[in-house]
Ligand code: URA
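So this first bit is one chain, no partners, the form predicted alone, shown in structure tokens.
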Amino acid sequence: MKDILLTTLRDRETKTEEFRKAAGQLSQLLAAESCSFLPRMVSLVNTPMASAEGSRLRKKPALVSILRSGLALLPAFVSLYPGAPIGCVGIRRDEKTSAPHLYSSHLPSLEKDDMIFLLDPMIATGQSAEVAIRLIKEAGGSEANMMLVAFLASSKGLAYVKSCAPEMHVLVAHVDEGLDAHHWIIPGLGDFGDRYFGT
């Protein structure tokens, strides 16, 4: 199903409404997959018939969205983890140099054992993710308990992120091989934020 949704997102003819719908559905699939990253504990429950052994999450994760595109992933993760604290990191990419510029950072209190999902639909050069990872670590989070979640990544950007944070986990729907001269993912899907927000 992920490949079908990605095809809709890639198609230049996809209209804003359909693009948002596909992004939301893909976010739900990734959110469901992310649950396997979280530690569980055994929990006994009483059914209407008898007792049964089940499992519960040991601790709710923290969610950190890279603005603005990361907002597209947030609803699906909030739906699955409704009590999760939410942080936002605002990073703007310079159109000429592609260098990341931090303009806002609001993170919840974090501890080393907190599980953290870093949400950003596109990993092109990986530099924005690097900035966010550094801020999360400075706020008390642990690289080993962090998972970067994205729709698409370039192989180069993914390699760069892993070199900066080798212990971090990654959940990406698909890895594209190329970056063009302007550091856009090829074949990619264009500017995710512009297409999602209709700007």
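What you see is a predicted model; the values in this text were computed from it and never measured. One rule holds for the numbers: they count along the sequence shown, beginning at 1.
What comes next is about the form predicted together with the named molecule, which is not displayed.
Among heavy atoms of residue 93, some come within 4.5 Å of the named molecule in the model of the complex.
Taking the partner from elsewhere, residue 190 is found to have a heavy atom lying within 4.5 Å of the named molecule in the model of the complex. Put simply, residue 122 is close to the named molecule in the model of the complex: some heavy atom of it is within 4.5 Å. At least one heavy atom of residue 185 is located within 4.5 Å of the named molecule in the model of the complex.
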